[in-house]
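Single chain ahead, written as structure tokens, the form predicted alone.
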């Protein structure tokens, strides 16, 4: 039986993207009457057009730019454990066909019909992020659904990311169910990796770069490899598994480098992996000045653009990074550049990387332009969800 939610009306001639299929409705597109203003962040609403045509059920937050996020095309949808269990089971069924072991992103927010909710699976441990008030206020319901579908031994809440502040939500890391999982070992691209869902970056690992790591590793055999902004060594260890002669990880996090070192030992690559805690830009400039060169260089930094106001400084940073990284690639080598800043679109990222490589006076060929792996789907009406960019260049 359908529920009766408060009704949220879209203004005449507004909501063009929502009418075309986007799940986002912005605050300036809705009638913000007294009833809407009285709603608590995260409440469910039934969305209608100005002529009364229903769009469906959404989670609402009147204090944010994205005021409503559609979760169902049916008005009155109950956002209960049954709803979440069904959405999660469907999302997991897709991934289970693609990956032989349960190590992947289970739910990717809007693209999986769960706006603001991200779930990464590490075997029987789940790491969860809630970036929308409508998900956060239903934490207990979502945890119950996760337990029903996956029967995990632990569920970790990694709600310690900056975007939550836009929803008026606190930053926290907590154990929602089970016992602290500690470090988890898993296989990827021929190597053993370690992640820590409680203390690692983001949810503990970056599944989105899985396929890009595999592609980069194809260039690594018998070559030296530099992995800058390495985190726990994903690119470096994949390269060693593919036959690289040696690899160096550079990162500002001693914890992440420690995980890379342990993973190297577990994979039998300890003697071939170097670890250096340093600022990436300073390290690249020092190596360039000393004439140190590598056959394969990967530079995959954290997001430089956290908001729209950061776009121009971030663009300059990507250009600077491309120049610095290209300067330490040996002639005939390969350069991989990544960006997870969704505010920097693919065309701008390409342009800044090309400019930086040109400043380094390195003739180049673009071999591949790609995004996130398949467990990070893109909502067909929300290009903002195509956040990851990866470019592979062959340098002369």
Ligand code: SAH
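Positions refer to the first chain, counted from 1. These numbers come from a predicted model, not from an experiment.
The protein also exists as the form predicted together with ligand SAH; that form is not presented, and the subsequent description refers to it.
Contact annotation for the candidate site: 23, 60 and 70 all lie away from ligand SAH in the predicted bound form (no heavy atom within 4.5 Å).
This chain is drawn without ligand SAH; in the predicted bound form, the residue among 120, 112, 136, 300 with a heavy atom within 4.5 Å of it is 300. A heavy atom within 4.5 Å of ligand SAH in the predicted bound form is found for one listed residue only; from 252, 266, 89, 96, this is 252. Within this chain, residue 201 lines the site of ligand SAH in the predicted bound form, having a heavy atom no more than 4.5 Å away. Put simply, residue 230 is close to ligand SAH in the predicted bound form: some heavy atom of it is within 4.5 Å. In the predicted bound form, at least one heavy atom of residue 206 sits within 4.5 Å of a heavy atom of ligand SAH. Residue contact check for residue 174: none of its heavy atoms lie within 4.5 Å of ligand SAH in the predicted bound form. Here the chain stands by itself, but in the predicted bound form one stretch of 127-135, 208-216, 72-80, 312-320, 208-216, has heavy atoms within 4.5 Å of ligand SAH. Applying a 4.5 Å heavy atom cutoff to ligand SAH in the predicted bound form picks out 278, 279, 280 from 266-298, in order along the sequence.
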